[in-house]
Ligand SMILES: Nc1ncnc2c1ncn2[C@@H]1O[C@H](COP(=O)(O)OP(=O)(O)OP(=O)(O)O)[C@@H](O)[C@H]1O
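Next up is one chain by itself, shown in structure tokens, the form predicted on its own.
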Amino acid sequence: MLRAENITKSYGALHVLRGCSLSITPGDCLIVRGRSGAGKSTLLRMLALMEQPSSGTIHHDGKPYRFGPGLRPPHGILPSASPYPLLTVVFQQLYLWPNLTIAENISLVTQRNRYAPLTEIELAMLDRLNISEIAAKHPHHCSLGQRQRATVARALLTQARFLLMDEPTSALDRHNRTVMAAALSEARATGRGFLIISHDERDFESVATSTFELDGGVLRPL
């Protein structure tokens, strides 16, 4: 389980998050919506232990990481007893290595070898997301929507038990949004958990189990 408990974040007098709490269990797909600048991406990074809350507790598989005055930040993420990593993150910035092809970007993460040929499972994922034709291309030769799907494909192929995704369909047309939602639904059915930040929760109607709105620093279920 991933859980945020009473998380706050302040930058001086600016209060970005005010006592936010949520839990993600295997098979969940939580959607967080809200206006631009509401703190959605900040909440995601804190759940991944990539940014330190001002106060509150983050739980990774039952291990609590507590934050507040006088508390030291955690040093790394709890090692998992599972053969699969605990979580992975899909950022809005995508973070594909520009000097590697799409196939090399994927195999470097999934097989830890940029020169390894893609497996049948990896090739099937590219085909599932309609990006087989860009496998040999470098990111700058691909459209933003293609790069977005490649980044999601890479995250799904890591077999991480929880996927935290920041606007994964923002550059996609309606057809590819439907394709993406179907791929995430299939992954959720295997017991993987998702937290998805999206300005349009309608993209994930077929896969969402809960929807939240972040407004004024307060996270509310809808």
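In this text the structure is predicted, and so the values were computed from the model without any measurement. Residues carry their position along the shown sequence, with the first being 1.
The form predicted together with the named molecule exists for this protein as well; it is not shown, and the discussion that follows is about that form.
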Heavy atom contact within 4.5 Å of the named molecule in the predicted bound form, the stretch among 176-184, 149-157, 62-70, 32-40 = 32-40
message = Please tell me whether any heavy atom belonging to His199 falls inside 4.5 Å of a heavy atom of the named molecule, as the geometry stands in the predicted bound form.
response = yes
query = Is Arg188 close to the named molecule in the predicted bound form, meaning a heavy atom pair under 4.5 Å apart or at it?
reply = no
ask   = in the predicted bound form, does Glu167 have a heavy atom within 4.5 Å of the named molecule?
value = yes
inquiry  = With a cut-off of 4.5 Å between heavy atoms, is Ala13 one of the residues that contacts the named molecule in the predicted bound form?
reply    = no
message = Where, within 87-119, is there a heavy atom within 4.5 Å of the named molecule in the predicted bound form? Residue list please.
response = Gln92
